[in-house]
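Listed next as structure tokens is one chain, alone, in the form predicted on its own.
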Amino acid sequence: MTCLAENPHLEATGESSRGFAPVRFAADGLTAQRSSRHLAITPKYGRGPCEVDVRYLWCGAPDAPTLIVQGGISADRDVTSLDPAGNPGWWQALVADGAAIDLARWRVLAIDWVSPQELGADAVSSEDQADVLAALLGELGIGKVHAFVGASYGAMVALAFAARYPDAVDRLLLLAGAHRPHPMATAQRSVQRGIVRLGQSTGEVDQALALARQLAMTTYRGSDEFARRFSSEPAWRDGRFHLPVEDYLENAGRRFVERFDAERFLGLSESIDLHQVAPEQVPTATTLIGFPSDRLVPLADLCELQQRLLGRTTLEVVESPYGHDAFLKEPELLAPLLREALA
């Protein structure tokens, strides 16, 4: 669209030159390294150079071209898993042997996002995350990546990466992410952070974090999906009426608290709203993918981004009831677009 106006055999290796023991494993001819490195960067909101411990996954066909793949602020390095008996990665349907991002053809690199606490900084920027990835590429001996595939916050970092290191990436593939946050989305995240800070001040951190996540879920998903899933009658339980959507939201909040802490959430949420990249500084060929039901990243923002990017850019529009989370929920629709963009 153009807008105009089998189980892997685990083997622990010896200590690396940077003091870590990476774990390498193999499955069906694919290899993976799940490890960490000390990397030196200078945070945008820090007080000078620092070293940060960066956790990464690098997996796929040996010696194949590398792709960077990054997701939203709650995504981690485990974008995929080579172990069919283990937990799948957060994008397993699209990143696997024979999938759209085919690990038999590519080698995928992903990191855990760094937080302000890890940097010793007042805040963490999308530029900081880009600098971490660039430093990691240097440590791993990767001169250039074939593509940076970013979704949500990952798309923001991809733009920052291409603006700062244009010679280090051939192309961008950006899903549900733009050059700046939309002010309405910033307002919604600001309320979520306020809830968490209130919980910190009252000693109810877990409850506050769960409630913030519940509120976030109402922004990630589309109205049509909620209308279809939660239209049944309320149920009388424990002395009050429970509305159909409440169990879903409470479960989402509870699961988030089990794997995330408040300070990390605050730092990464704020990082989204501090993000600003001048599209005119990005010369990289880019494929944008947007969803009309996405209320966090409206299509109008992607149209503006398409017009302003310096490199050749296409915009693909995918109809989905899942809102911003469509990049997680629509693998069948996204697979051909990803294959084409990476070809």
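Residue indices: 1-based, along the sequence shown. These numbers were taken from a predicted model, which means no experiment stands behind them.
The discussion below concerns the form predicted in complex with a further copy of the same chain, not included here.
For Ile73, no non-hydrogen atom is located within 4.5 Å of a further copy of the same chain in the model of the complex, even though that partner is not displayed. In the model of the complex, a further copy of the same chain sits within 4.5 Å of a heavy atom of Glu270.
Contact check for Glu246: a non-hydrogen atom falls within 4.5 Å of a further copy of the same chain in the model of the complex.
Proximity of Arg240 to a further copy of the same chain in the model of the complex falls within the 4.5 Å heavy atom cutoff. With the partner omitted from this view, the residue of Ser223, Gln117, Asn87, Asn251 that lies near a further copy of the same chain in the model of the complex is Ser223 [heavy atom within 4.5 Å]. This chain lacks the partner; the member of Arg105, Arg193, His146, Arg264 within 4.5 angstroms of a further copy of the same chain in the model of the complex by a non-hydrogen atom is Arg193.
With the partner omitted here, the stretch from 152-160, 126-134, 89-97, 231-239 that lies within 4.5 Å of a further copy of the same chain by heavy atoms in the model of the complex is 231-239. Contacts between 167-186 and a further copy of the same chain, taken as any heavy atom within 4.5 Å in the model of the complex, involve His182, Pro183, Met184, Thr186.
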